[in-house]
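In the form predicted alone, a lone chain appears below as structure tokens.
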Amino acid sequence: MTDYEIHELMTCRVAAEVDNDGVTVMGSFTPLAYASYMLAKLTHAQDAYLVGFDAVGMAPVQLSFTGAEASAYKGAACRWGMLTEINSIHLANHGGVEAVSSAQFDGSGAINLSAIGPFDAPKVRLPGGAGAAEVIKMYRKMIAYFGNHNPRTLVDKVQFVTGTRWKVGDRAREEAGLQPGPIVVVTNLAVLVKDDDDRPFRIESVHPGVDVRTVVDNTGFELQVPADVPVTAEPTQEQLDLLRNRIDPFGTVKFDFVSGRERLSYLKEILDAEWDRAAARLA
């Protein structure tokens, strides 16, 4: 058994959803999603076609708040404008995987990235969905991840629908002209899957040390619980070595797992480390 942290297990599980089919798109800079794509590209999905920022056919890059975007263009096949990307990938049904996260997520697969409380006078105004609505409906797989599995995030019904899968089952999606594929939710407790419009999410696996009751009690919508629920695969030593030494040496993925109050100081630590390394290389 290898020693690992929960964000590393989640990164490996999201990476398992990346394959060589379609296009894997990196939208807004979300460290866990980026690390997952890089891990897949360096292991089981070496022919995966990656699009990040405006770089098309990009090679694996190291996570960095200051250098990731520049690295994405280095070695990429070409650079597209946003309008070309939207028309050629999102709206042309070529999107395979793009992981998203949100403030609220419900049992239908709807996400809320807009507002908590009344929209005209919200308790919390959220950043908005950008292209998330198109991604979760159009892409072959809808992948969502949450670092804190609780009933305030995984709710019975989102308070504002920023985006929705619309059709879930393969047949219904194909009849609507959409790519067939499941909704996969990866949290710090379990993996949940929905692949049928009329059935709830089922627990695909629970993480090591987590029991089914804990997952059910911390989920705000109905779950299908199979008779036997397996344990999520733990990261291998090869995966951990790649994540810690090549993909994310500054610990950028943990940014998704610290509280809002802690984020500012954590970000400063990462930026200082990136600056120190750059200065050392110039010395």
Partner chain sequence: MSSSRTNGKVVALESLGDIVRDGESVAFGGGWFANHPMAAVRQLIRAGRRDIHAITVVGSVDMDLMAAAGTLGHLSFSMVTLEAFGLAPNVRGGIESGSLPFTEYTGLGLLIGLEAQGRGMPYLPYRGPFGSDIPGRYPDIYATTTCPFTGEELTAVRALQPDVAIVHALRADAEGNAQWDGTSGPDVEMAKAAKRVIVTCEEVVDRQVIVDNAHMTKLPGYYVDAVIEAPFGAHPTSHVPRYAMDAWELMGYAAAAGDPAAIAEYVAQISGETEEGYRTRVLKGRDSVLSALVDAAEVIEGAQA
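Residue numbers count along the first chain shown, from 1. All values derive from a computational prediction rather than experimental measurement. Throughout, rigid core stands for the largest set of C-alpha atoms superposing within 1.5 Å between the two forms.
There is another form of this protein, the form predicted in complex with its partner chain, and it is not shown here; the text below is about that form.
Remark: S102 does not count among the residues lining its partner chain in the predicted complex, judged by a heavy atom distance of 4.5 Å or less. In the predicted complex, its partner chain lies farther than 4.5 Å from every heavy atom of G147.
Put simply, P151 is far from its partner chain in the predicted complex: not one heavy atom of it is within 4.5 Å.
Looking at S205, you'd find every heavy atom of it more than 4.5 angstroms from its partner chain in the predicted complex. Only one segment in the set 207-215, 194-202, 157-165, 181-189 has any non-hydrogen atom within 4.5 angstroms of its partner chain in the predicted complex, and it is 157-165. Residues of 252-276 that come within 4.5 Å of its partner chain in the predicted complex, judged by any heavy atom, are F255, R263, L264, L267, K268, L271, D272, E274, W275 in sequence order. After superposition on the rigid core, the Cα of E262 moves by 2 Å or more between this form and the one not shown.
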